[in-house]
Ligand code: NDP
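Only one chain is given next, in structure tokens, and it is the form predicted alone.
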Amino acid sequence: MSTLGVALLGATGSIGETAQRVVARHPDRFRLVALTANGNADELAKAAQRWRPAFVGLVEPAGRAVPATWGSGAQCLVDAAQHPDAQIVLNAVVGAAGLDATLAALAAGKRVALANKETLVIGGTLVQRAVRAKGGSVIPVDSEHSALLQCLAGRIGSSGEGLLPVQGVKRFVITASGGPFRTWDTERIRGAKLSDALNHPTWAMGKKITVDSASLANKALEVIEAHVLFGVPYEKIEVVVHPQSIVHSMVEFEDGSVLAQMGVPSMELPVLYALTYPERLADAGVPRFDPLAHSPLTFEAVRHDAFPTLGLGVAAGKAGGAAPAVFNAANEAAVARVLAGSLDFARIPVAIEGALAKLQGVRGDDRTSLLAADAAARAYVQEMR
């Protein structure tokens, strides 16, 4: 069996580093043919020296001298995604910047292993059109959506809506760890500091997604992503808090049967499954699950009064049009300000709600209008006082 070429976008982030470990364990199946990073030139150079890919790109050189053979700027993501040696594009770019790379890969008929949920939140309709026009595919890397896909084995490919259409599903249950503020009351959350938000109890992630987890913005993005991926209506997608992060998602079928995908908190398996789907490849990288050591498993209702960002995002998904793009852009801009120290964590939902109200009803039927809505939402949040 010949090896499959993989273009890894976001090679120096947490998912990118995980993907490198996975590929290293299976040199007979995969080879990294293109690598990109946002601004971490040193780590990208180390990865390039290790893998010797045909293409290397750095999105933001920031005035640094980089090899003349490297690509640069946002275009390097598209160039990597369309590289002729790549059959699979693993998109681990953070934020809205991942959209064009996904569309470029799909236009070339490639499989996209998607860890960039914002792609589907912003441009789900555009991605669906690209898949139908060119025959590429989208396989999720997010642990929750990988779990849903695994639970739906044998049910993908019906005439339902979505990128991976299913029928006969009664309900999706997406789990949330609850983040660092799960047990905090609403008043205490209002005074939360950035250091508190970055202190995640079960997952080790980048700063942006860690803050998203603390606000539950990530769960709003995941609900929208699940809707776009599988075509399941919003009213059939629920979120429950599961502090142990062992059950990653559940699917209830029309006959009442419920399947859950379980495992220790690790992105090794979702990355591997996205590369091999629908196969399962023997692998020693995923930590062993011990049901006794990881007991008990508990579930709690989401406290929407304490975490309003989740409801705002789901409402934006239901509204459709440009609303999901506005939600995502406002959240990204708000989190960026939180990380920079110019906005309090508790004001993230305030920023999002304001942007959604200001941009209610704007167009969102093509790439140009979606990017305009994205830019307007960011500008609104950046100008907030």
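One rule holds for the numbers: they count along the sequence shown, beginning at 1. On a predicted model such as this, the values are computed, not experimentally measured, just so you know.
Below: the form predicted together with the named molecule, not depicted.
In the predicted bound form, the named molecule lies farther than 4.5 Å from every heavy atom of L370.
Among residues of the shown chain, K219 is not one whose heavy atoms approach the named molecule to within 4.5 Å in the predicted bound form. Contact check for A115: a non-hydrogen atom falls within 4.5 Å of the named molecule in the predicted bound form. The named molecule in the predicted bound form comes within 4.5 Å of no heavy atom belonging to A377. Partner contact region in the predicted bound form: 201-209, out of 201-209, 295-303, 273-281, 241-249, criterion any non-hydrogen atom within 4.5 Å of the named molecule. Distance criterion of 4.5 Å from any heavy atom to the named molecule in the predicted bound form singles out V93 from the list A226, L99, A197, V93. Exactly one listed residue, out of V138, L77, A147, A86, brings a non-hydrogen atom to within 4.5 Å of the named molecule in the predicted bound form: L77.
Shown without its partner, the chain has D142 as the single residue in segment 136-161 with a non-hydrogen atom within 4.5 angstroms of the named molecule in the predicted bound form.
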